[in-house]
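Consider the single chain below, provided in structure tokens and representing the form predicted on its own.
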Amino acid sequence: MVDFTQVFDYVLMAMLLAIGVAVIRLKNLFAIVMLTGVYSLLSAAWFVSLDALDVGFTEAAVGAGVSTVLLLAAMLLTARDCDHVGAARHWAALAVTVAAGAALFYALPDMPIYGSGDTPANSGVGMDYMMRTGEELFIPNVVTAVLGSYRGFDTMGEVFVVFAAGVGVALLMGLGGGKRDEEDV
């Protein structure tokens, strides 16, 4: 019997590898930024396929959404095409991409079968959270309960990191609001 989820994972990995090679080969910065956004969306789809919904949503929002917008904004301040880079650098980047893709393809068959009852996600601590959440917290959505209550400090730390990154980007882009005198520059 064919496991379509595993076939889907192989297809996603192949697409990610193809996009990685395309990003290396392209010279147009706009196309590169768009392809990195597509790469992030495919990564988000892969995370969702692995039952990591919170990671998938974060990758879609930050990787494909915010990062793409920030790169497009930064591209407005630069040239549209990149300068010529030696072939040695292209081959080195291709080698790293192929090695990372090969490592992912090597590890892919060891992944548990999607939806199987004996996988780590469906047994042990995960099932303990599923059983205890309704009794202890009275929150119907288990993911919300885990992120908001059991892992509350971790979630708060992630929010602080994202907020600090946003403030840092706003300061770097000069969105502080105040005008500078020519003497300050």
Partner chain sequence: MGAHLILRVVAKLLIPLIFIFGFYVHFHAKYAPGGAFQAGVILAAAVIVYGLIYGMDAARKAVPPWAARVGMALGAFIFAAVGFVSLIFGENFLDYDVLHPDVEHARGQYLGIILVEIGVLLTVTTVIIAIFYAFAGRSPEITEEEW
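Residue numbers count along the first chain shown, from 1. Just so it is clear, the structure is predicted and the values come from calculations on it, not from any experiment. Note that the rigid core is defined as the largest set of C-alphas that superpose within 1.5 Å between two forms.
The form predicted in complex with the partner chain exists for this protein as well; it is not shown, and the discussion that follows is about that form.
> Is residue 163 a contact residue for the partner chain in the predicted complex, using a 4.5 Å heavy atom cut-off?
Residue 163: contacts the partner chain in the predicted complex.
> Given that the partner chain is not shown alongside this chain, does residue 128 nevertheless sit within 4.5 Å of it in the predicted complex, heavy atom to heavy atom?
No.
> Decide whether residue 122 counts as a contact residue for the partner chain in the predicted complex under a heavy atom distance cut-off of 4.5 Å.
Residue 122 lies outside the contact set for the partner chain.
> Any of the heavy atoms of residue 173 lying within 4.5 Å of the partner chain in the predicted complex?
Yes - in the predicted complex, heavy atoms of residue 173 and the partner chain come within 4.5 Å of each other.
> Assess the spot marked by 9, 100 and 106: is the partner chain within 4.5 Å of a heavy atom from every one of these residues in the predicted complex?
Verified in the predicted complex; spot residues all out of contact, no.
> With the partner left out here, which residues of 49-66 have a non-hydrogen atom within 4.5 Å of the partner chain in the predicted complex?
If the 4.5 Å heavy-atom criterion is applied to the partner chain in the predicted complex, 49-66 yields 53, 54, 57, 58, 61, 62, 66.
> Once the core is aligned, please say if the CA of residue 41 is shifted by at least 2 angstroms between this form and the one not shown.
Comparing the forms between this form and the one not shown, which are aligned on their rigid core, residue 41 does not shift its C-alpha by 2 Å or more.
> Once you line up the core, how about residue 52: does its CA shift reach 2 Å between this form and the one not shown?
False for residue 52: its C-alpha shift is below 2 Å.
> Rigid core aligned, does the Cα position of residue 14 differ by 2 Å or more between this form and the one not shown?
Result for residue 14: no, shift under 2 Å.
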